[in-house]
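Just the one chain here, the form predicted on its own, laid out as structure tokens.
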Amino acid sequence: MKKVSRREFLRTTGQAGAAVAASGALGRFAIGQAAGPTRVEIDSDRVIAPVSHELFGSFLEQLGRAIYEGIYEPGSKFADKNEFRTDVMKEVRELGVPIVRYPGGNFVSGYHWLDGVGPKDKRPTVLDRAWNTIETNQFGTNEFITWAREVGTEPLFGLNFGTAGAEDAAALVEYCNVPGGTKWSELRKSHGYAEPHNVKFWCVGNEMDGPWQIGHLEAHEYGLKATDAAKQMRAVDPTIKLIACGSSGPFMPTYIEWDRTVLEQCYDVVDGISLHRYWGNTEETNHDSQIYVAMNLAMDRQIKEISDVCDVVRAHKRSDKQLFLSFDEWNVWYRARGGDATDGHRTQAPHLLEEPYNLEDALLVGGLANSLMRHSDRVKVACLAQLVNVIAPIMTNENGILRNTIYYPYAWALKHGHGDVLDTLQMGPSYAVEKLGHPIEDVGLPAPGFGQVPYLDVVITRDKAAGTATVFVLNRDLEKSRELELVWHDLTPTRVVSFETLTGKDLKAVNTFADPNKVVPAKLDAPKAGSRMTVELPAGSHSVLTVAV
């Protein structure tokens, strides 16, 4: 078929020069007609970036039942010789989670890693002051490394920058990564681990901008501390990748300014900076599901803002280095956020932050996965927070596991989010989200809306090695199905490999141990493969179409 230029495409859609491809949060999206199909132009030589191997990682914190009764449960009928739950291990292994951040989170800012190594009968039981729980230290650094190797994931270690600092961080790097012949490496060997752990990725603290954080610091203080630690850690192992502690989120009064000040201190000695954000159908969205399923655009905006801050500091420093972004805490979390849901009352492995996810939460998670892929040029590490029991896709009880609704879009991203993310041009119907429900918490600034929001949020990846392309589509129209027209300029799909969707009539439907299959994927009728394909997307759905090319 004839290859149509972008200018010609905009002209022939009836916009006659008035339509302009939007930039920023919406990507290359042109505001189109109020009704009709969404059209996507696909040119395989226009690539945003390859999907990083670490883009769809996860997170485990010594919090609630994430570790104890989650991945580690002595006495369970599922426990192996290491006391790891084999049912959870099988699930994580089959998911293919590439990297897992550990051991925190807020927990890490009061954690002393030496408490969790060596003979278990000599490890102290301590009070975790972050979550007011009892920590037995029966699971620590070496147990996590052993578990990670068993499930085929890489570790992303968080470091204590609250009650500890540079010396402690360098000692842990030495313990983990030096083959032998030094104080801390020989200690590891005495604990039964002759070979080094070779941990590549390290988070230099957690949410140190937050007043809730143990050892909270001002930006300038943290920047100096992080610089000293990075130098000492690199002296031990110059091959490691270091992630500076960025803002806890746009709700912080120091947002942007924190990141700029920190990076002015430590830009030259770190490789990336962290971003955190949680979403919920709350006052911010006026409890409006139509607005809620557009909230992944806030992730796009946050990524753009922090990228800009990094680049400003880079320009000031005349640096050749571009930092990557590590979105190492992201998820839906808004129900289990206070009172008994977050206070362990000084018990062991209490039921904390066990969020009951519904269908609309899963739709948003699908959109958030799209946003991460859309920014693959800058986001190289990301972690769904968390993995098991605590705000998680997987739940456990004494009889087995449950897949929460958010499991499915996460699993699809892991399965199909490979190869290159294509830079497509999209034109189609949209709806207005001019402003959100209330000013940004703690800042007093208006919460900006998104303007015109496309009903269909589309991301396309091409996996050359597999000979496939995958279309990820969030249909934000909660009332009716929407048509998607795919125009392949230089690739011709020869067959449909798979076409699945997550949808349902009840947006508030949840999966439970009593009814685990209330919200599960369904197969859709495959469209005819070819250079022009028309796909019907159910109302309120997240769908994945894979074609052979």
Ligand code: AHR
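Only a predicted model underlies this, so the values are computations on that prediction, with no experimental measurement involved. A residue's number is simply how far along the shown sequence it sits, counting from 1.
What follows is about the form predicted in complex with the named molecule, which we do not show.
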property: Among 147-155, 369-377, 182-190, 207-215, the region lying within 4.5 Å of the named molecule in the predicted complex by heavy atom distance; result: 207-215
property: Output flag, 54, 365 and 412 jointly within 4.5 Å of the named molecule in the predicted complex, heavy atom basis; result: no
property: Sole residue of 302, 177, 106, 289 within 4.5 Å of the named molecule in the predicted complex, by heavy atom; result: 106
property: Candidate from 202, 131, 450, 407 lying within 4.5 Å of the named molecule in the predicted complex - any heavy atom; result: 131
property: Interface membership of residue 294, the named molecule in the predicted complex, 4.5 Å heavy atom rule; result: no
property: Heavy atom of residue 333 within 4.5 Å of the named molecule in the predicted complex; result: yes
property: Any non-hydrogen atom of residue 391 within 4.5 angstroms of the named molecule in the predicted complex; result: yes
property: is_contact(residue 386, the named molecule) in the predicted complex, heavy atom dist at most 4.5 Å; result: yes
property: Members of 267-291 lying within 4.5 angstroms of the named molecule, judged by heavy atom, in the predicted complex; result: 276, 278
